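For reference, the chain that follows is the form predicted on its own, supplied as structure tokens.
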């Protein structure tokens, strides 16, 4: 069942947005640009800001200041008929369309949309004397990044490993190497410090064409980053060092509270949504970004997909509030991927096409900074 011909729920419909992911940021921007007197919006976010994932590698590499990758959700939500609640969702009753926050506050809506991203599954991480930091949620990783820099300077010969060789892991390890190279030049890190990229599968960047993998393997080798594929575990005898820092980018899982929500989920436990981005089990509940699993057209988790879902999600939330027919989301089969390579260098790909160079990095920078500027409110 969906909202295709549902009557308007009330004279003034209440839309509750749980999470400030990339799709919800666009929803807020559109409702701010064209406020609706018949719709009231409440945005629930753990923080008054949201990090744009595309700029995180540049921040790690040292190209962006700490504030640059962030979008101010509190400013974006500062418009008539919109409330912002700072709090962490810990439970959701899908039948009642009601979210419970960590402080006990409960908020119910006529329509609810969930865009809380995913959480890095670090259940396989070993206990080490140093730091183990999951890459997701991104906001928490950004908060903890200064700990990494402090640890590197206090222990100049630290061995660092990024676990997970998808696009996020490859970007992160190359950004880290670039940052370490700068610290070495000023004598803050020893030249004997080592960097590893660890992958359980036999190949890095699964799902990418061979040309992209070949390009990035060459770049990783040129930066003296040890790539360990087919990794059996941290008790593997082929591993001859103990790590001081583990940055965990391998695998994601949904937020734990979603399992108690009664929402239908896909095989991985993410919210099952139909072509309208609406829950397959609960009318009036929508989901987007990494929190959603598109049942009819599955796609890999990516920031690109969340960004593309934003405009359609905003339109369907508005239509659901008035009982209008919903519009289908048509995800692309392929899309542009830009993988930064630490310095002012990056690799581009779409389908079987790929390219690399400084120009790709500047292209990526322009796209990333343009995206964040779109949401600046003065």
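All of these numbers come straight from a predicted model, not from anything done at the bench. Residue numbers count along the first chain shown, from 1.
Keep in mind the form predicted together with a small molecule is missing from the figure; the text below concerns it.
With the small molecule left out of view, the stretch that reaches within 4.5 Å of it through heavy atoms in the model of the complex is, among 54-62, 28-36, 341-349, 320-328, 54-62.
Annotation: in the model of the complex, residues 20, 168 and 289 each come within 4.5 Å of the small molecule through at least one heavy atom. Distance criterion of 4.5 Å from any heavy atom to the small molecule in the model of the complex singles out 304 from the list 217, 148, 304, 263. The partner is absent here, but in the model of the complex a heavy atom of 139, alone among 274, 199, 244, 139, sits within 4.5 Å of the small molecule. Contact annotation: residue 46 falls within 4.5 Å of the small molecule in the model of the complex, judged by heavy atom distances. Within this chain, residue 79 is remote from the site of the small molecule in the model of the complex, having no heavy atom within 4.5 Å. Heavy atoms of residue 87 reach within 4.5 Å of the small molecule in the model of the complex, making it an interface residue. Residue contact with the small molecule in the model of the complex: residue 41 places no heavy atom within 4.5 Å of it.
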